[in-house]
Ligand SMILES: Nc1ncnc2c1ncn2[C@@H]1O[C@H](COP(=O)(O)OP(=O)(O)OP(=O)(O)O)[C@@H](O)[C@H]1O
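Shown below, as structure tokens, is a lone chain in the form predicted on its own; questions about how it binds or moves come after it.
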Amino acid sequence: MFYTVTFNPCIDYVVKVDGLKMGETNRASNEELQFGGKGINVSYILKQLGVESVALGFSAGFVGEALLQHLDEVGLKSDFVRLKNGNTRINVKLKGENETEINAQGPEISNDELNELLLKLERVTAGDTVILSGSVPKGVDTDIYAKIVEAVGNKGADTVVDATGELLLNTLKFRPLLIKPNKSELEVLSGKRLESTEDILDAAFGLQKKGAKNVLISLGADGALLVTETGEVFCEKALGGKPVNTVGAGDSMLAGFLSELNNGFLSALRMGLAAGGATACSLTLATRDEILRLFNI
């Protein structure tokens, strides 16, 4: 079983504004609500590809209630901790000639509420995979992902980490199965500009030396690169046409990759690129048909 963990779920308020002018009143040409958060996005794409998962995390206030109702409506299994205070995030995504995002901080999580999530993870057994995605709210220690990776690893479960900075680095000594930085995140982690494929590979190998088993690097329009624990390197071009939406594309790539991993790294990488490309070419997260159309090209 796959378990996704989203500490900071959200509702994205996506507004399309033609000719956005800062400091002035603008009129939206289109608007919609998108329910998610990185782990939830992974669960959604997994379900599209016929893979069941349980979405875990935290929800708060009336926004959190709306989020959980949506998960029920789309048929995602979930088991969230309900927070006593605050509201689940509402993020604003402005789409014009360029994309501008305003991401809220999220509600505070108490120690008791954090322990409630850790208790839910005790159900994990050998053969399961736990996917830790995204940021954590202010006040949560940056070693929380490391604690979870260590705990579920001791049960024989695999872990996947899609996070940045200390949240990710602290997990590496516990040997996560897979990490998924994009190029800009990899530059931050390595502390230098990555100008060439050789630079990217050196940075990926550096993360492996710190403990990551496999490193999947999203390169946006340039596709993706995978470095495996056996030293193999796979590099594939992006699939799909001109991107119209980047929200959830990386999460979709991760879900596609994991859904196909039993069929080998190359097939998994191609499925990941198909899922990421399909979402990037859609205004919402991709459907099964959209993903498989690209995968089978």
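Remember, it's a predicted structure, so these values are computed and weren't measured experimentally. For every residue, the number given is its place in the sequence shown, counted from 1.
Same protein, other form: the form predicted together with this ligand, not shown, and the subject of what follows.
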property	result
218, 246 and 251 each touching this ligand in the model of the complex (heavy atom, 4.5 Å)	yes
The unique member of 204, 224, 132, 212 whose heavy atoms fall within 4.5 Å of this ligand in the model of the complex	224
The single option of 268, 46, 238, 54 touching this ligand in the model of the complex, heavy atom within 4.5 Å	238
Interface membership of residue 277, this ligand in the model of the complex, 4.5 Å heavy atom rule	yes
Partner contact for residue 182 in the model of the complex: this ligand, 4.5 angstroms, heavy atom	yes
Non-hydrogen atom contact residue 273 with this ligand in the model of the complex at 4.5 angstroms	yes
Partner-proximal stretch of 56 to 64, 251 to 259, 227 to 235, 25 to 33 relative to this ligand in the model of the complex, 4.5 angstroms, heavy atom	251 to 259
Contacts with this ligand in the model of the complex - residues in 33 to 62 whose heavy atoms fall within 4.5 Å	38
